[in-house]
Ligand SMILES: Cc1cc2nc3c(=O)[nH]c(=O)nc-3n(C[C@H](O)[C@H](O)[C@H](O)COP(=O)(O)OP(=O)(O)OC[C@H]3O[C@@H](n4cnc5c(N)ncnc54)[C@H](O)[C@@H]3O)c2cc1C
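Below you will find one chain, with nothing else, as structure tokens; this is the form predicted on its own, and questions on how it binds or moves follow later.
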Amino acid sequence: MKPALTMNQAMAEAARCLLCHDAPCAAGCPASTAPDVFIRKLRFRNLKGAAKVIKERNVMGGVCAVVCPTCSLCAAGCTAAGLDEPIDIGALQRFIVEHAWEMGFSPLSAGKPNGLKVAIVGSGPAGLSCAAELARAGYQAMVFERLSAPGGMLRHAIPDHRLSPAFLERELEDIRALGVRFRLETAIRTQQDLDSLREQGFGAVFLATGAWRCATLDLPGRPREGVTDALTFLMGAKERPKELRHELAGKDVLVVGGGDTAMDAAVTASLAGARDVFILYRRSFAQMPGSPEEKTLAMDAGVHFMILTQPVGFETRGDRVTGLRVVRTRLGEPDSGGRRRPLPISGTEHSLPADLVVEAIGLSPDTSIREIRSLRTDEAGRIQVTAGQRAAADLPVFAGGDAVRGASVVAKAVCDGKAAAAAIRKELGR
């Protein structure tokens, strides 16, 4: 992770804030972390008050400060940009949270126990946020996680150069201190699993199972070796970094995709010692969904961008990939999403050599969630919910985060967790 601000740097940055009466930064935060309020408190050196604002509104305030694309969220409408650069809200938020940790100040406390239990399925930001809110209201919140450690993609997929495990663990300590408990290596996937939770006395269930299914390239000649999806690659990089360095030393890597996951995979490959890393994207650089910060990080890591380039087939030798056949594209009329459609240019097909191809072309919820028959899902596997995050008409089952939205930013998952906690409290009457 990049170094945090010092006290002097933080105060200087906060001093640039114009203290807007109707602050656009507040409207730009999906988690309602109130940057206008905590920056004002920082300006007047009320650091405990600033930390209290952040953590009471967003229990994942530290993580959000580090991984959320603040330039397109809270800082997007910053009025100070009319005079200079937008205020670096993420850096200020991180500084305040870390300073509170250093002081030993914890603004959160558990509520008086009310005797009610709620099961949270999934320990990503949506699940953690919901669990923390319920614990603060006196509920016994139990988080069920299918993997061996909590944190969801924050722990298992986001690279250490973006979010260090120690930083995440410190944020988790704040949640554990509220009395939230974790049951690890326990999957809840079927209607029987859900019914079992009810039999164990859980009054409500919140499903925050995330988006762990990777789309793959539907191209001819797909080999058995040398092609992987981005999540498998990123999780493997965190689990066995030394082996990855050995495997990629002097190798060429092609990453297909233009989102933050593609940037993470490309930077990880470059930092692991790959000779050359290329990002292939079929539209323009401006249309890449990856955040500006992530694209800059990739360029700083020496990653090559090949825009307006679309894969059309695999090159192989036996069962191993040797490269991709690609074609140049031009942008046509906008598609249903408003982005100009990439059109192949005749006569431009050529080959790009590669020792490894990483597919980073989209994430969606695991279709196994459809085995819970009381849920409604769309064709992409996303759980359908009402305005109150309710996922089942006849059962107190709620859902949120990437399992509902598809892959999105941490702050939106936190928002869903908070909304679900409020709906559960209303449902259970406490």
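Just so you know, these numbers come straight off a predicted model, no measurement behind them. From 1 onward, residues are counted along the sequence shown.
The form predicted together with the named molecule exists for this protein as well; it is not shown, and the discussion that follows is about that form.
Thinking of Y281, G323 and V358 as the candidate spot, does the named molecule come within 4.5 Å of a heavy atom on all of them in the model of the complex? None of them does, since no heavy atom lies within 4.5 Å of the partner.
So, in the model of the complex, is P396 in contact with the named molecule at a 4.5 angstroms heavy atom limit? Outside the cut-off, so no.
Should P69 be counted as a contact of the named molecule in the model of the complex, where contact means heavy atoms within 4.5 Å? So P69 counts as contacting the named molecule.
Contact with the named molecule in the model of the complex for C74, defined as at least one heavy atom pair within 4.5 Å: yes or no? Outside the cut-off, so no.
Interface membership of C415, the named molecule in the model of the complex, 4.5 Å heavy atom rule: Answer no; every heavy atom of C415 is more than 4.5 Å from the named molecule in the model of the complex.
Within 4.5 angstroms, counting heavy atoms, which one of the listed stretches 220-228, 299-307, 339-347, 146-154 is next to the named molecule in the model of the complex? Residues of 146-154 come within 4.5 Å of the partner.
Which listed residue (W212, F167, F95, F233) meets the criterion of a heavy atom within 4.5 Å of the named molecule in the model of the complex? None of the others qualify; the residue that does is W212.
Pick from A249, V312, M103, A187: which has a non-hydrogen atom within 4.5 Å of the named molecule in the model of the complex? Selected residue: A187.
Let me know which residues along 109-136 have a heavy atom within 4.5 Å of the named molecule in the model of the complex, or say none if there are none. Contacting residues: V121, G122, S123, G124, P125, A126, G127.
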